[in-house]
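Shown next as structure tokens: one chain only, the form predicted alone.
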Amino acid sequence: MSLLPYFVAGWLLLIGCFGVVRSRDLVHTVVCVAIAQSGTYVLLLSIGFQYGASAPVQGAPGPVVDPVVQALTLTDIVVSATVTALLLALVIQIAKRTDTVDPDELDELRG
């Protein structure tokens, strides 16, 4: 069992979170959130990987890969695409109303 996929998943999550913290643009923030979410794909696929296993089809000889992990990964991809689309729609509305996407210049959001 290799630990490399787990390190890659953690690295993607950390780089995405670091980008969110250091971002000076709302679109950059959305991209960094998508990168952080892609770390979960790598994590789920590395959890479900088995050496020498085949696809989970009827009558497959030998060990098979767990199909639940694959279904969770596909669900994660769909949720990530939906969240990214929603966040980009919010960025577009903020840009239309305030003519900026710099978070520091958005005085209307301060309480």
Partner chain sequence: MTRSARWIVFWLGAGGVGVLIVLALLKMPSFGGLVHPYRELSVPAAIGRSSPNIVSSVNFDQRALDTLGEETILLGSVVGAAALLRPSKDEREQLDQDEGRVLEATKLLGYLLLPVTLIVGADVVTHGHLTPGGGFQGGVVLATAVHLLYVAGSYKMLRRVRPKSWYQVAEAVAAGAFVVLGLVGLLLTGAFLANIFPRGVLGDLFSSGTVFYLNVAVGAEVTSGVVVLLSGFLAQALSVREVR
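Numbering follows the first chain given and starts at 1. Given the structure is predicted, the values throughout are model-derived calculations rather than measurements.
Below, we refer to the form predicted together with its partner chain, which is not included among the displayed structures.
At least one heavy atom of Cys17 is located within 4.5 Å of its partner chain in the predicted complex.
A residue is said to contact a partner when one of its heavy atoms sits within 4.5 Å of a partner heavy atom; Phe49 meets this definition for its partner chain in the predicted complex. Heavy atoms of Leu72 reach within 4.5 Å of its partner chain in the predicted complex, making it an interface residue. When contacts are judged by a 4.5 Å heavy atom cut-off, Leu13 counts as touching its partner chain in the predicted complex. Counting a residue when any of its non-hydrogen atoms is within 4.5 Å of its partner chain in the predicted complex, the hits in 56-80 run Pro56, Val57, Gln58, Pro63, Val64, Val65, Asp66, Pro67, Val68, Gln70, Ala71, Leu72, Leu74, Thr75, Val78, Val79.
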